[in-house]
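Only one chain is shown below, in structure tokens, and it's the form predicted on its own.
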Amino acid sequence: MTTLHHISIAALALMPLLGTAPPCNAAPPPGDIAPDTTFPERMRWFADAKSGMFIHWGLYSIPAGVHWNNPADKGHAEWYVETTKMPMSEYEKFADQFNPLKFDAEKWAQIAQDAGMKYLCITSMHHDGFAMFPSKVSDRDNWSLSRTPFGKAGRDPLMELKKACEKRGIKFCLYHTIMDWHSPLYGARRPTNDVANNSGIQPDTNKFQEYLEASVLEEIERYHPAMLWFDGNWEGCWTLENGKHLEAAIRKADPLVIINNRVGKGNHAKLDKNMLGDYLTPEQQIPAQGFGKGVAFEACMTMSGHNYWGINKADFDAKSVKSQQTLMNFLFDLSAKGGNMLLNVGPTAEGEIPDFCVPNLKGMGDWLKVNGQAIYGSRAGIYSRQPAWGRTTTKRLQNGNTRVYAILFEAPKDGVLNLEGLTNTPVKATLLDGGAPLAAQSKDGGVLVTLPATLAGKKNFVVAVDVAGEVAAEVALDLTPKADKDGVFALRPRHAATENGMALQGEGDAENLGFWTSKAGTATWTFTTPAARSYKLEVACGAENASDGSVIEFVSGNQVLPLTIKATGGWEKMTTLQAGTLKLPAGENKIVARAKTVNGIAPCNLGTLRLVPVK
């Protein structure tokens, strides 16, 4: 059984900046798949790219999330035919309407380039099984672009987009579904697929495998994508053996095509023996600590404020989009952990990327034009748990030294950047924007860099610090909360281990946990109490008006304290709420913050939690 290759972004971190790739040190696979010797070569561009654009576009863009039988229900998107239970015979009529005359591949590719994206991945076939290109394979079921007015006019948006991307040096990649709600051969046929039910064709795993592989190989031959992004592998009719057969067929057709791990089975966001392919794909979440050396990963995230992948009319009408700062923090956090960001947009049925998305994308690109060397070609930063002041990335230099890029969310109040725990001797330090030299010294078990007073109030700037030799894989910070003289524990945001997208931001009193855009997001504090005791839990939090009434919970053992959030007028405008009382035993304790009910795009931002002893 082949498993995820254990050489990737983190392993490539040891390459000199202009050196050659190290030899592949992955364990050889079994005899059913030929030994993979091309992994370092095909993964090199991916390791350096860091930022890509994801595009979900298809027939579902026509209804744009509005229920076919209930116009008041606007809560749907790319899973439209599944979530609305629309009969497939009715859904097929969208193909006869699809005519995106405003589609301009040059404009799309330019938006991606202006955003600093180095690759672009578009849905060639989503779960509705519709081929977004003139497919000879899908034409057997009359279920491809050839059926549409756009296709009949001779248009191929994927080929047009490929050419526009290649003109700009952007790698062109394709998303392809495994789950197929349309094909009569697919094993987990839906009751609403009346087209298949009336066809007289029975589901057939072997024939579906042949159809799927023919479709994928057709795309490879037609478009020569740099990467194939699979999805929909979780249903029982798709097995590990199916995945191995598909992977082998792809490797034979093009050994240099990157394949994501969803070609196999198991948990796509964790190391799993049942995963195949080249890299992990956490979705709508950023791992708290990355996956360590030898594991490449890419987090796919939505721009939509309500986390839709395809276009949604209600979302569109409200111009709901994540802020430029949120997008940049995704990129900072992922780069610091050795991963890539694949950021999604959902174009309209007319063929346009929503105009209100473009300024935030361009703003991120403008930042990268100045500070891109801290992101592109970088490897994981020096910290396993991230500091509150920002993020770090690294590059090995040809002279054997290491360049540490410190991305500061804002200038520290004392004018000093403290790279705690970094014991390597500093060689030089510069401000990336303009190259001004900065004073750096080793002191108190870290490296201190003195910043100019002109940086006061500046946000998202980068300091490059060259240090002697190789930096240890993980520089530890002391992030254990301790009680003060009155027995009060201040559980700071920096002390928390976060999962599924929550991110640390701010400095000093403004420090908080933000970007709680996924209900799966959690923050966990671990601390030791000297004796069994009851504590009142006080919670500092900030929330915009739309988040009013959200409910979060604090869990410790079998105790759950719900807290209803009140709008404060801004994410970082903090107020203190009383969550209740916890009875904690002596010894190690954990408190987990989780979301129960989310209004708006996030329940709140969390500041410091205080555990005050009950007298």
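The first residue of the sequence shown is number 1, and the count goes up from there. The shown structure was predicted, so the numbers you read here are calculated from the model rather than taken from an experiment.
We do not show the form predicted together with a small molecule, though everything after this point is about it.
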4.5 angstroms heavy atom contact with the small molecule in the predicted bound form for Gln110 = no
The small molecule contact in the predicted bound form: Trp57, any heavy atom under 4.5 Å = no
Contact label in the predicted bound form: Thr83 to the small molecule, heavy atom within 4.5 Å | yes
Using heavy atoms and a 4.5 Å limit, would one call Trp229 a contact residue for the small molecule in the predicted bound form?
-> yes
Have a look at Tyr223, Tyr376, Phe356, Trp79 for me and say which one sits with a heavy atom within 4.5 Å of the small molecule in the predicted bound form.
-> Trp79
Which of these residues, Glu213, Glu283, Glu470, Asp204, gets a heavy atom within 4.5 Å of the small molecule in the predicted bound form?
-> Glu283
Which one, 419-427, 121-129, 155-163, 359-367, holds residues whose non-hydrogen atoms are within 4.5 Å of the small molecule in the predicted bound form?
-> 121-129
Quick read on Ile601 and Trp389 CA atoms in the predicted bound form, 3 Å or more from the shown distance, and they're farther
Distance flag for Asn233 and Ser518 (Cα, change 3 Å or more) in the predicted bound form: the two residues are closer
